[in-house]
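Quick setup: one chain, the form predicted on its own, written in structure tokens, and binding and motion questions come after.
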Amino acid sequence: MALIVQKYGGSSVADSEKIKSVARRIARAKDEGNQLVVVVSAMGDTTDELIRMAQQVSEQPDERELDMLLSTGELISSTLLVMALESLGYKAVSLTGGQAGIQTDSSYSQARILRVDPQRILAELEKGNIVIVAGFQGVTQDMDITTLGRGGSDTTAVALAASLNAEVCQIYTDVEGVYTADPRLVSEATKLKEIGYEEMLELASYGAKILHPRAVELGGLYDMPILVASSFSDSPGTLICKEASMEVRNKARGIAQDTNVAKITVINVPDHPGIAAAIFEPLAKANISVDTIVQNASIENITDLTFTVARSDLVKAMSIVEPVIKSIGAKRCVTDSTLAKVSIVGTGMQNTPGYAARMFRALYEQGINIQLITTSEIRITCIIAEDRVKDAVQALHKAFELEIA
């Protein structure tokens, strides 16, 4: 008997008919002799609607109370799913994140899981129950409810799978797996049979919305296989695992794009020790993630400093940076929120020359200007104009022959 953790996203449980369909899928897995722990997201756009309601009654909702509110979305879908399973004749029980043993820090809206105590889940499995867990949430040491941030249900599922020593964590969503590029942009995009944690983490971090990066990190840390598949079909999905296939293949594995990008440039920055810390430490304390950082060569001890943040963080970032600019004696600050990232990813690229040149050539031939470049051992990312993203992804997919990946 295998213990399997499944996760169903908001689109998979968006209405009563879809919830009943998910219940039938879970029932089939139970009939195959498996023990099942199922993590669910809130129905459809419930979380967005709850945020809108909060903003209608308060311009700045208290973070603790907002997390209490948002956690209710997953409670609704988890209890409805239990009812659907019971109507099919299966024993099931719903648990909140706290009841499932998920303990977090107190960073409301972006909480981190500190530990998982799965004893309640194990006790329910011993009773023969299918255990349905509300995703996206946990509790602090003081029993305050916290949420894990967007995509947090993915993290919940992988964390539970690791703590339970599950055979696999199955993530069911509205796509059939991980593709070489977004199929909505590239009709020739190919579904991958499997992909390594490292490659998937880069794709997820740089725009692929299939799986949350924190979930991939946990999977890699605990060597937990993650299957990404569709809840609307029986098509084989993509397995994210430690070792990808050893067979000869394209060294570039996929392309990611992200339009949630804004650039901030601090002009005429005095070039002396401590300036970078003065700018970036306050941003870090405000939980604003900085990606690409470029500093020009100093001329007469004056330089320009450019970095990118999520477009959704731009207003908050500027409210922090502008006072710092005055204190360090920089001239001014300019922003651009019309940008995007395109990235190519593949572990086979790290010891093979020519991939950067091929990427730059492909973009040049489409007349696409590169504003900034950032790299890792297995990734090359270019910052370009947002309105050229589709052209860029299509050109790169063709240049790297990913249709035969």
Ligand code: ASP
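Values in this document were obtained by computation on a predicted structure and should not be read as measured data. Heads up: residue numbers just count along the shown sequence, starting at 1.
Below: the form predicted in complex with this ligand, not depicted.
Residue 153 is the only one of 170, 94, 104, 153 with a heavy atom lying within 4.5 Å of this ligand in the model of the complex.
Shown without its partner, this chain lists 345, 42, 342, 26 as candidates; in the model of the complex, only 42 has a non-hydrogen atom within 4.5 angstroms of this ligand.
At least one heavy atom of residue 47 is located within 4.5 Å of this ligand in the model of the complex. Partner contact region in the model of the complex: 144-152, out of 218-226, 144-152, 123-131, 302-310, criterion any non-hydrogen atom within 4.5 Å of this ligand. Residue 74 is the only one in 50-80 with at least one heavy atom within 4.5 Å of this ligand in the model of the complex.
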